[in-house]
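Take a look at this single chain, the form predicted alone, given in structure tokens.
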Amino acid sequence: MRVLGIDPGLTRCGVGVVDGTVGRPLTMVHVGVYRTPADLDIARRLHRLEQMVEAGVLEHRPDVVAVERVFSQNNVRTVMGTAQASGVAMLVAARHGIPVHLHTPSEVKASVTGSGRADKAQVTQMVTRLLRLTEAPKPADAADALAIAICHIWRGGAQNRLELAVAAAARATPTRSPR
């Protein structure tokens, strides 16, 4: 499975592409950060971000797009920008018929480090180890995007199989007519 992980943001949007399946070594395909200038109008920033995500989807052809779920912070402007960037990534994926899955920051940290309270340094260290990289991905947004992709491969893949099994069982079970 190839997963495009997105750590959403307007100024810096981390992107990481990872190939892998549960129980097999993971491979980093791409890592980077899409940037938009803070002095640009919000609509133009979102448009630029959309163009960059679109180019990434066309280049890497992911099977799934995994996005970090936006959580409430004290700074409303930051939350809004992050939510808007998330929406752009989800829109591009939907346009291409690619499934989108959201993962919370705690879920990502727990799947990569074993602790939902891990700090950025711990996440980066584990991403570097898991992907057998010679140096840590920088900046932190890039490492976080890889962590999101890894999280989806490990957790989302199992969740997808469970959902498919439940759906298959529901189709196989005869429905009873009401009396």
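When you see a residue number, it is the position in the sequence shown, counting from 1. Note that the structure is a prediction, hence the values are computed from the model and not measured.
This protein has a second form, the form predicted in complex with another copy of the chain, left out of what is shown; the following refers to that one.
- Site annotation in the model of the complex: the residue of V33, L46, L131, V57 reaching within 4.5 Å of another copy of the chain with a heavy atom is L46.
- In short, of 47-55, 24-32, 111-119, 137-145 it is 47-55 that has heavy atoms within 4.5 Å of another copy of the chain in the model of the complex.
- Contact check for V70: a heavy atom falls within 4.5 Å of another copy of the chain in the model of the complex.
- Taking the partner from the other structure, another copy of the chain in the model of the complex has a heavy atom within 4.5 Å of a heavy atom of I42.
- Using a 4.5 angstroms threshold between heavy atoms, Q84 counts as touching another copy of the chain in the model of the complex.
- Across the proposed site, V79, V88 and R95 without exception bring a heavy atom within 4.5 Å of another copy of the chain in the model of the complex.
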